[in-house]
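Below, in structure tokens: the form predicted alone, a single chain.
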Amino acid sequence: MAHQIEALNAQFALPEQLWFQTGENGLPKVQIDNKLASAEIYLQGGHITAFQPRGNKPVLWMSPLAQFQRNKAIRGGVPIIWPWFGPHAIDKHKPQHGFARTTEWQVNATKALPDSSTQLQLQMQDTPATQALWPHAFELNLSITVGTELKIELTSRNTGEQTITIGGALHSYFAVGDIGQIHIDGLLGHNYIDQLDSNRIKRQHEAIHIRQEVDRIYFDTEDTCTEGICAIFDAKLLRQIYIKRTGSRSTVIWNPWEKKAKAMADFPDNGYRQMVCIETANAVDDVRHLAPGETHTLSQIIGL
């Protein structure tokens, strides 16, 4: 591990902006600390575990019980869901939400940008291990830009000879002061699948308030507000978190509430009160079909 960290720093570190170090349980991570913000990214999963603009509280929620183990999903932050969303459509024994969030990504490049933000570029390609789960050739590129905003771009490329179908999500966990003192705007008038009520289709008639377990997939959401924006209004922390999205027509809202939180080993019993997930997704009928050589980019910008 020490040799890996040393090699990464020798090739990719940026003075006073970006460096590599050993994280929890020996997993390699990237630390970014520039004039505008700080962030932390684990190479396992290409997983962003922290983002904090200067002078503000953390924007992302991380479970204090998160299990940083090889080949295991990390609870909180921004897991990368790919190449399918939820359970596999045919084989329920395959991993929930695909394999991107449990695979170690390779560092492709780092950049110090003119506006004082910092960019990290990661890549994943098909291997015998991925082929055993999903028998397709691909190249997956993840670009993370840390500045006053956090910009995440996930680009899928079909490098094979047959059309492939991909789904996924940027499964973002947001930190809130108290779940009872927030509301979410940007989805008014949209239909959603209520996954806790036999997948019934319902319509959002007001701003979203979380008062119980919520697991919804909103669809046709590319036109929410302006430029695909959702926003969390937080009365306790006196702030608004906005999420701008492209390459996505589906949006997931999730909070496990009390009963499910207690059932998860990597989630504190009362943790549901300090978080809410708004996921920029390609879910249900929003999967993308890529012909050989074609690409698709799923992206979001998070800011205050």
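Note that this is a predicted model, so its numbers are computed, not measured. All residue numbers are counted from 1 along the displayed sequence.
There is also a form predicted in complex with a small molecule; it is not shown, and the following applies to it.
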Partner proximity in the predicted complex: residue 84 to the small molecule, non-hydrogen atom cutoff 4.5 Å
no
Decide whether residue 252 counts as a contact residue for the small molecule in the predicted complex under a heavy atom distance cut-off of 4.5 Å.
yes
May I ask you to check whether residue 215 falls inside a 4.5 Å heavy atom distance of the small molecule in the predicted complex?
yes
4.5 angstroms heavy atom contact with the small molecule in the predicted complex for residue 173
yes
Which listed residue (159, 96, 191, 108) meets the criterion of a heavy atom within 4.5 Å of the small molecule in the predicted complex?
96
So which of 75, 136, 88, 151 gets a non-hydrogen atom within 4.5 Å of the small molecule in the predicted complex?
75
Which is the contacting stretch out of 64 to 72, 37 to 45, 233 to 241, 252 to 260, given heavy atoms within 4.5 Å of the small molecule in the predicted complex?
252 to 260
